[in-house]
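Next comes just one chain, in structure tokens: the form predicted on its own.
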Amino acid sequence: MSDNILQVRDLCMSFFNKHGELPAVNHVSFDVERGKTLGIVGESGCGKSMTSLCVMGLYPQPQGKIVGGSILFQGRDMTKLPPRELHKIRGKGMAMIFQEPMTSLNPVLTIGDQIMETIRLHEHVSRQEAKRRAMEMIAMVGIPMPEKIFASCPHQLSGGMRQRAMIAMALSCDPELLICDEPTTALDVTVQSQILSLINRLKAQTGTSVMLITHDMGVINEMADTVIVMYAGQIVEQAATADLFAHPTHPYTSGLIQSIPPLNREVEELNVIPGSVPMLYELPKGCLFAPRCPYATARCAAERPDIVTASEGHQVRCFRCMPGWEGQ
């Protein structure tokens, strides 16, 4: 049996509109090991969430289309499965915790009914058994008074409680892959810590593999075993977490790490990366990060670098890591 539960190879997903073809996910390749956490990090608009939606088969259609590559989940290519087969896998084989539970949960159904619906759809058990398992899941994610939460609608819960309810729903059918799309973005710091600790604890208990999507390098350092850094739809760096933080190689990765506020001293001004992520319809001709890069040269503005191996297990998309680079 392969050590990788998910293998994404050369994935390309584009939107089509009046501007033509807009590459939202551009030749992305990565693996998720069984029982491990893969972190995907980058600014808003870098393609993190769209990559996860491609894995789940939930990317916007018909304006969006996977135009190349493969997504192998347990040996089956998700890009070639009919909708009916995808529906069987979502919720059972893989599940997703969305960024904002208030827009993902049904506002007119109770939390209990929504968890039970997931269980009965995939497990084909009685309503009584589904209710028992739903109550177990609500208790497992650390929610006090499970009976009260079971009978509550989403608007009656706090943000942290809604996120815990989403986690309970996602784990209700024991998925082998859990995709967390910025699960703590809308929560205060103390609740963020509780949710991240909960995900780690449940991963250890169930053996579930995790894809964690975030813009927070601190969360990545705490949670992930391996990391991919995305920029404008491409992977610009990929490495084990400890290696990435000890030896950030791409200028974008270095900028993200340097923007983390230091805990041991006060600073008058935080480091920032100048500029912003380019729009899909106005991508630079050369390296996508060149307009914001302090090391950019004429070659960077004219050519797009390939991803190369900087060291064992550490890949980067930058001309500075290629043989013969001398500030050309």
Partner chain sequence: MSRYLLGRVFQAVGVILAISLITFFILNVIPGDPVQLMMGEFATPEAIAQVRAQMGLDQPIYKQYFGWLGNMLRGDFGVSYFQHRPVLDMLLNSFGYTARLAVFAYVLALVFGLVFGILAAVFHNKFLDRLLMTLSIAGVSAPNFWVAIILQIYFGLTLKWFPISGAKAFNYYVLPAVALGTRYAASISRITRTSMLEVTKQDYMRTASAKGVHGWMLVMKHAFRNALIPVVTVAGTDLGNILTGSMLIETVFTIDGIGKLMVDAINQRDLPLVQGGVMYIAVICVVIYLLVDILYAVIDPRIRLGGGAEG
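Predicted model only: the values in this text are computed from it and were never measured. Positions refer to the first chain, counted from 1.
The form predicted in complex with its partner chain exists for this protein as well; it is not shown, and the discussion that follows is about that form.
When you measure heavy atoms, are Met96, Leu109 and Glu117 every one within 4.5 angstroms of its partner chain in the predicted bound form?
Each of the three qualifies.
Of Ser104, Thr241, Ser254, Thr79, which one comes within 4.5 Å of its partner chain in the predicted bound form, counting heavy atoms only?
Answer to the contact question: Ser104.
Among Leu157, Val141, Ile71, Ile228, which has at least one heavy atom within 4.5 Å of its partner chain in the predicted bound form?
Flagged contact: Leu157.
Within 4.5 Å, heavy atoms only: does Leu58 come near its partner chain in the predicted bound form?
Within the cut-off, so yes.
Check Glu100 for me: does it contact its partner chain in the predicted bound form (non-hydrogen atoms, 4.5 angstroms)?
Judged by the heavy-atom cut-off of 4.5 Å, Glu100 is in contact with its partner chain in the predicted bound form.
Should Gly91 be classed as touching its partner chain in the predicted bound form when contacts are defined as heavy atoms within 4.5 Å?
Flag for Gly91 set to yes.
Is His122 close to its partner chain in the predicted bound form, meaning a heavy atom pair under 4.5 Å apart or at it?
The answer is yes: His122 has a heavy atom within 4.5 Å of its partner chain.
In the predicted bound form, which of 131-139, 198-206, 232-240, 162-170 comes within 4.5 Å of its partner chain (heavy atoms)?
Heavy-atom contact with the partner occurs in 162-170.
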